[in-house]
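Only one chain is included here, represented as C-alpha cells and corresponding to the form predicted alone.
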Amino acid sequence: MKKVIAITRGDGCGPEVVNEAIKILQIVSDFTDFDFELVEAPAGGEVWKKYGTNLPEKSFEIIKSSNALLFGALGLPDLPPGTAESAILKIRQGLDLYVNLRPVKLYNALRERCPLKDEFIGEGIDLTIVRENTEGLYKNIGSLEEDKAENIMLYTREGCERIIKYAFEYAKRNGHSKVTSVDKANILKPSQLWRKIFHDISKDYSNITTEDIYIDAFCQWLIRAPYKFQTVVTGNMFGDIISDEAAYLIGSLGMAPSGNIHPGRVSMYEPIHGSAPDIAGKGIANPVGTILSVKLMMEESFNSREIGNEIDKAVEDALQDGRTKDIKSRELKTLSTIEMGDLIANKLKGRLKA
C-alpha cells in the first residue's frame, strides 16, 4: 500500500518534532504492508524570507497530489504576526479541510502532571474536540481601518451540517455514547442556526445522548468535570480556545495532536502547539503531539485503526520510561527531543514485530 506523504517541517521547533514523527512512519513502513514515499513541501516563515511567499505554488501542488500532509509549526519572532502562520489557513481553505479533529487524552503515566485535583480528573480524561475548520470568524471576511475593524462570523447550513454529521459518525466509530455541542446561542445568530441544525441531525442518532452547553459554561466544566465529555463539536473560534485549554489538562501543549481533515481527500496532520522559537534548537521540544498526529493520519486517512492503536500504546509505554522537559518526572530520566522520539520508535518497533 504505497502512500505519498507531503512533509512541511516549518519554523522554530517544527523541524525537530517532524523529524521524530518521520521515525514513526519509517517503523510503520518497515514492519507493515504500508510503503511511504516522503516528499518535501516547504512552507512558513523561513520560506517567506527566501521566496517572498509562505506557501510556494510548487509546495501546494505537492501537497494536493499527496495522500496526506505531515505538518510542523509555523512562525518566526522577527516577522509580522501572520506572515508565516497564514499558510495554514491557505491550506485549510484551499483543500476544504472542514474538520479539525483534536483528541485530548490524559495518559495514566501523566496523571500527576494534570493541574487538576484528583477528584476533578475522575476516571480519566479522554475526549475529542471536533472543530469546524473553514467558517466562522476564521474565514477572515472583514476589514481593518484606522479607527474600525470587523470580521464576519459566517456560518452556513452546509458548513454546520457536515461538521455535525462528522461528529456523530466519529462518536459511533469510537463507541461514544454522548455528543456535546458548544455554542453561544443565547447571544449569537450563527450559534442559533448551529443549535437548530445540531438538534435536527441528532434525530438520526437516537442511540446517542446529546447536550448543548454555552462556550463560557463549557470552559468552566472542562475544569470541573472533564471526564464527563466524549465527543465535543463546536465552531471554529470556540474550538480553537477550548482545545488549547484542554491540552494543558493532559500534561503539556506538546502532548496534543490534531488532524485537519476532509474525509476521502488529502488531509493535514499537525501538533496543536506553535513554533516555540524560544526553545528551537535546544533539543527540548516534546515530539509526542506530532507523533500522535501520525496516529490520527493512520486512522483517518489510511483507515488503519490497528496501527493507530499500536502508536498510541507505544507512546503510553514510553512515558513510563522517560519524558521531555515539559512533562518531566523526578523518578524518570529527562530526555531530549531525539531521545524521546527514539524511545517511542523503539517501543513501536517492538510492538509491531510482536
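It should be emphasised that the depicted structure is a prediction, and the values quoted were computed from it without experimental measurement. Residue positions are given as counts along the sequence shown, with the first one as 1.
Just so you know, the form predicted in complex with a small molecule exists too; it's not on screen, but the next bit is about it.
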property: In the predicted bound form, the one of 155, 138, 166, 98 near the small molecule [non-hydrogen atom within 4.5 angstroms]; result: 138
property: Partner-contacting position among 127, 110, 88, 160 - heavy atom within 4.5 Å of the small molecule in the predicted bound form; result: 88
property: Contact check for 131, 240 and 270 against the small molecule in the predicted bound form, heavy atom at 4.5 Å; result: yes
property: Distance check, residue 102 to the small molecule in the predicted bound form, heavy atom within 4.5 Å; result: yes
property: The small molecule contact in the predicted bound form: residue 176, any heavy atom under 4.5 Å; result: no
property: Residue contact check: residue 92 to the small molecule in the predicted bound form, 4.5 Å heavy atom; result: yes
property: Stretch in contact, per heavy atom within 4.5 angstroms of the small molecule in the predicted bound form, of 226-234, 80-88, 167-175, 190-198; result: 80-88
